[in-house]
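First, one chain by itself: the form predicted on its own, in structure tokens.
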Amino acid sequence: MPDIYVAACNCNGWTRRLAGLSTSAQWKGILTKIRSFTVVFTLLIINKAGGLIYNRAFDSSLAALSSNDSLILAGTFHGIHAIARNLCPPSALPSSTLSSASSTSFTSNPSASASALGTRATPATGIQVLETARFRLTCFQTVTGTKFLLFTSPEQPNVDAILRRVYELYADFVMKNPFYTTEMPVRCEKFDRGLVGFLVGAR
């Protein structure tokens, strides 16, 4: 087993880095660069309860995991992600905000106390990146708790942009499918074709 030497537990930077890619020209340029040297091994999608709802390998040279092993992997990561989120302390509020909040009566005027609090502390998140000498695992968690786990080579650039495109395909072909039930296994042919065309067909 390769030694794990990088682990990050803050996904707020994921959103901030993608905030500058709002224009279509910038986004198309990054997609073109990604497709020229994409090395993606596997994609897992885990629902908010920790169940594996999608599993797809994109590199035939790797040894395939059994269905049982994939379920164990998804459940184990879900538990470790929750533990990491609880171990990571939230960012502290500014001292000026705390002093103003403490001087406000919460029982007499709730609206005033809410305004005095101002900006809330950034909530702690779970594992975002786990890197080894042979692969990198990148996790993106949606607001609803769905996790996208992308296994790539350690040298793979623009993984955040790849995950963004994968999430767009998921939103377009899975969540907009009237026959799909949320939190259930994903069986959507258009989603499969979109992933293969983006991650494999352009190699």
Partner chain sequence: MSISQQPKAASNVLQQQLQQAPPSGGLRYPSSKKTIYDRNLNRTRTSELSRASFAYLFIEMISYAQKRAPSVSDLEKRLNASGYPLGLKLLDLLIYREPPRSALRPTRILALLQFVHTTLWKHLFGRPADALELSNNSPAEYMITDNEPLVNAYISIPKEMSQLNCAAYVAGIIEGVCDGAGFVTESVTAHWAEGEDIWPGKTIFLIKFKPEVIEREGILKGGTS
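Residue numbers count along the first chain shown, from 1. These numbers come from a predicted model, not from an experiment.
Another form exists, predicted in complex with the partner chain; not displayed. Remarks below refer to it.
Q: Is F173 part of the interface with the partner chain in the predicted bound form - any heavy atom within 4.5 Å?
A: Yes - in the predicted bound form, heavy atoms of F173 and the partner chain come within 4.5 Å of each other.
Q: Using a 4.5 Å heavy atom cut-off, state whether N158 contacts the partner chain in the predicted bound form.
A: Judged by the heavy-atom cut-off of 4.5 Å, N158 is well away from the partner chain in the predicted bound form.
Q: Check N177 for me: does it contact the partner chain in the predicted bound form (non-hydrogen atoms, 4.5 angstroms)?
A: Yes, N177 sits close enough to the partner chain in the predicted bound form that at least one of its heavy atoms falls within 4.5 Å.
Q: Given the stretches 165-173, 133-141, 60-68, 148-156, which is the single one in contact with the partner chain in the predicted bound form, using a heavy atom cutoff of 4.5 Å?
A: In the other structure, the partner sits against 165-173.
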